[in-house]
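Below you'll find only one chain, the form predicted alone, shown as structure tokens.
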């Protein structure tokens, strides 16, 4: 639509400019007729010719007649139609020739020296003629008129220098002798030629700048109108899909009297997909999702995009939540098949919240907020993907908000939140090789809050970034307390510290600066720090612009894939990403003693890690049988409650002498 509007503006501008040029051409004709009238008045006011030999021939009236007839003819054509460019150029040539012919005719009739007509009045007429061509706002016509004026002036000056003695008469012979010297001729006339050139140049530059200014004004007008249209559209519609936004949805349903069923559908992990895959990819993903949704909806359904990853579907006449469930399930089923974009296959899952809107009882915005609350509940672990709103959900969301406020305060104070350290042991020797730092919140009133409660709050609100930074700095300082050789300048192999990175942290543009400052301020050796990412985050990181993981690796730290085996693992990911450690997911570790399939998976992971020269860590060790099986399978390192529970620093120091 922007292209169409721009083309329309360009067409209207061309039409307006053409109309202005037509009027200018007519004005030029009238001014030329006025100049002809001046020449005619001069002729009739002049005394009769003194030279009897020219009494029978009157060149001035002939020249005036030709100039007048041509100007009238051109004026008639200018009023009948727009003159084409070639005809205008031809008319300029004829106009200039007739102007100099008219000037010359006075010399022929009155036998006056041509130099008399090369003075100020003639120069003024030439300037006026050149200036008239500027009215069309075309540089070419100004240059053409100026060039022809220079040529005409040179011809007059040349004749003045080489004219016959008999024609000029005795009174001009001294002048002819004077003018026949080339040096004197150029000295006499070069100033006038320079003046013509300068006037032509100034007019050409002015016309060029004026035309550019008009074009800029046109472009600014187009941009202003486009912006006004865009602002108007943004006020009521989503820019990508053209669907109503929240304001547009309210306007669309203004005056509705019947109940409407409301389904709010939110796409899972959409922000992460934007950060990892890029906005162009997710824009096409949104369009694909919308297309599939429309296939499952009736024509009466009103669909709106009320957030980056949220759609609202209102169904007129639906007044029971149970009637909404099949529709919501159908929408989710439409997203089951993978979406293939640019050769990449993506499965985009979603969750829904259901509510009923009764216009006479409650505003639409309140009902949408209720459905959004239900959608949030549907996103919790093990929750159904279709969730009906009830009043208890709002109370729980209030509690969520309170926890967010307290978490924010705890992060700012930096006292309540501190890492607990779980030991990691070498399987073959049983030696302690490192710790994993796990965030813990010691609330002054609620006691120890498990990470399963506050980490989702931190992820949802973005507090995971400052929280992760705080945990990293504390873990770096404590590593040096565990093992002084971990400080800058230390030598040899010693304990390492493993710290988790979330998807939100990974997409943070300041991540490298934050980690670099943490390493510098704590004085820890970068090679003793291992940054852990879950497999889904790690594989998605392959798409991060600028090689985020390679930049992290460039800091000197090690990189670890957490929960390996549960995501979309492939050799291409391991080959393309600079990882050092694979952490086998606890779902395989827990069943290794009694499941041949789990043992086969772990054996495959161990063999895969060896082929890529990667270390392996098994987490979630709960008993001795599990430990023995993992030892037999060749796992390199282990951690879990059986080998050591997470503990604060003062308690974790006891692991320095512990064995598996």
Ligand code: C2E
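As the structure is a prediction and not an experimental result, all values here were calculated from the model. Residue numbers count along the first chain shown, from 1.
There is another form of the same protein, the form predicted together with the named molecule; it is not shown, and what comes next is about it.
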Contact check in the predicted complex: 532, 563 and 646 versus the named molecule, with a cutoff of 4.5 Å between any heavy atoms. Do all three pass?
yes
Out of 141 to 149, 408 to 416, 322 to 330, 464 to 472, where are the residues with a heavy atom within 4.5 Å of the named molecule in the predicted complex?
464 to 472
Please check if residue 620 has a heavy atom lying within 4.5 Å of any heavy atom of the named molecule in the predicted complex.
yes
Considering non-hydrogen atoms and a 4.5 Å limit, does the named molecule approach residue 439 in the predicted complex?
yes
Though only this chain appears here, would residue 500 touch the named molecule in the predicted complex if you measure heavy atom gaps against 4.5 Å?
yes
4.5 angstroms heavy atom contact with the named molecule in the predicted complex for residue 455:
yes
If we test each of 200, 245, 91, 422 for a heavy atom within 4.5 Å of the named molecule in the predicted complex, the one that passes is 422
Using a 4.5 Å heavy atom cut-off, which residue among 359, 316, 278, 451 comes into contact with the named molecule in the predicted complex?
451
